[in-house]
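A single chain, nothing else alongside it, follows as structure tokens in the form predicted on its own.
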Amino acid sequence: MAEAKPKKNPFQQEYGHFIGGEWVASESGETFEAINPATGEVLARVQAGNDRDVDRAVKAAQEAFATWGRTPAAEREQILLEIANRLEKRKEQFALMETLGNGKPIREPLFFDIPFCVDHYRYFAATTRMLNGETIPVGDDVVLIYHEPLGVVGQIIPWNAPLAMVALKLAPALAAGNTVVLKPAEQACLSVLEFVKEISDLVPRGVINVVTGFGPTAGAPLARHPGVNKVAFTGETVTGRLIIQYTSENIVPVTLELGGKSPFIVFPDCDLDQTIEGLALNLCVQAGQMCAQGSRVFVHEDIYDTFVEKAVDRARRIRIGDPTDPQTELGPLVSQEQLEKVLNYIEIGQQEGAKLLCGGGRPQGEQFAKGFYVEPTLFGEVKNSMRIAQEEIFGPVLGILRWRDYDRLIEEANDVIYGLAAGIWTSNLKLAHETARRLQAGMVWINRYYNFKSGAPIGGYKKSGFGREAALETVKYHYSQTKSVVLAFGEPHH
């Protein structure tokens, strides 16, 4: 484990929008405060963008696309590789920025988020040379198929993993030759702004633009701007519906990665100790503020009591505290609003008749008083019809459901509006594979949860959205458009 990081504020006092290669103030002159969720302290002031700022950014991106869209693949490849190198060289600093701005324990960005980002930029650097088309002979004629960039891409990301979300969006967009207007979440945008400052010299002016602000005043104008050729959004399902409406005004493609209520399925032949550690990770990662969280824990009745006993013991031993301390496992939620939402769901679970096994409130102690902390919380005897089993809580809260019949298990696991992810814990790989095929989920992990890999598509079924990230298909089909050119060599038809 790395040494504890210094707690000195590494941020500027104020940040501008990044538009056309320059840091500029919002036209309204309005700003807002970026808060450290562990302490409540103000880290910096950030521009509160509006439709005029978005318009400036889109125009800068349009102008840059005229050149960037024709940049050779080898040049785009080298830029993406250098982005990865810059991030890797400063991984400790960027990990600290993520922790201060978002609240996640520093072990997460240091050992997962930043390495994932570095690998992601390198993966998509390689895809720049894979955007080759096809040649199809048809009789005496030849069909040529090309994949060409879309143009200006609007990207709207959430606050739970800022730099990882930027990587998921920015890397394929640049690889395909698009220009970008990015709107990070207002709750945690400082690491994003510092990252853009770090790489701003690598791309021509206007290729990457960032407008900070709130969803209704900055995000919505970006999604409905007539100069945007595609929108990519990660966030809650309610906002996803609005994004679809906005993009329909200009009839442009959209990809959505939305909510989840994923099943975490435990078979009686699992490695129980390994499964319990997977459960603890499931509770702690991003304080449960993860769309893919396995929040419905289905445990076979033969091991239910033993599982619950071990799960409660492990949850109570989770180290809650200062997220800059590398020993901390669980940090605060991102905001007061999120804190109130999670505590409300915990109350709902008790009203519904679920058994509160551990947690359920705010941790005691002066060190937690100013932060947005919630204890790791487990509910037992949960029914799949309960709200805490159907609705996304987005916090360190898991519900444990008892199951006996396999077919009924599959039915209940699929009986939610979402279909993002699933976890399966068993030593029977044939059973694991059969179960994975029957689950309505875009990602299934076997005997290890949150097992993301560059090249493995990320995305969901049903109301978890559509489109896939992190894979070759992302750059080829979601950030490019297909053109067919037919060459006639034969005699004309009469």
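Bear in mind the structure is a predicted one, so any value in this text is a computation, not a measurement. One rule holds for the numbers: they count along the sequence shown, beginning at 1.
Beyond what is shown, the protein has a form predicted together with adenosine-5'-diphosphate; the following relates to that form.
Of the heavy atoms in Asp140, none are within 4.5 Å of adenosine-5'-diphosphate in the predicted complex.
Mapping the unseen interface onto this chain, Gly235 counts among the residues with a heavy atom inside 4.5 Å of adenosine-5'-diphosphate in the predicted complex. Interface membership of Ala220, defined by any non-hydrogen atom within 4.5 Å of adenosine-5'-diphosphate in the predicted complex, is confirmed.
In the predicted complex, none of the heavy atoms of Gln390 sits within 4.5 Å of a heavy atom of adenosine-5'-diphosphate.
Of the stretches 181-189, 121-129, 298-306, 103-111, only 181-189 has residues with a heavy atom within 4.5 Å of adenosine-5'-diphosphate in the predicted complex. Contact annotation: of the candidates Gly360, Pro326, Gly215, Pro268, the single residue with a non-hydrogen atom within 4.5 angstroms of adenosine-5'-diphosphate in the predicted complex is Gly215. For the candidate set Ile157, Ala287, Ala167, Leu174, a heavy atom within 4.5 Å of adenosine-5'-diphosphate in the predicted complex is found for exactly one residue, namely Ile157.
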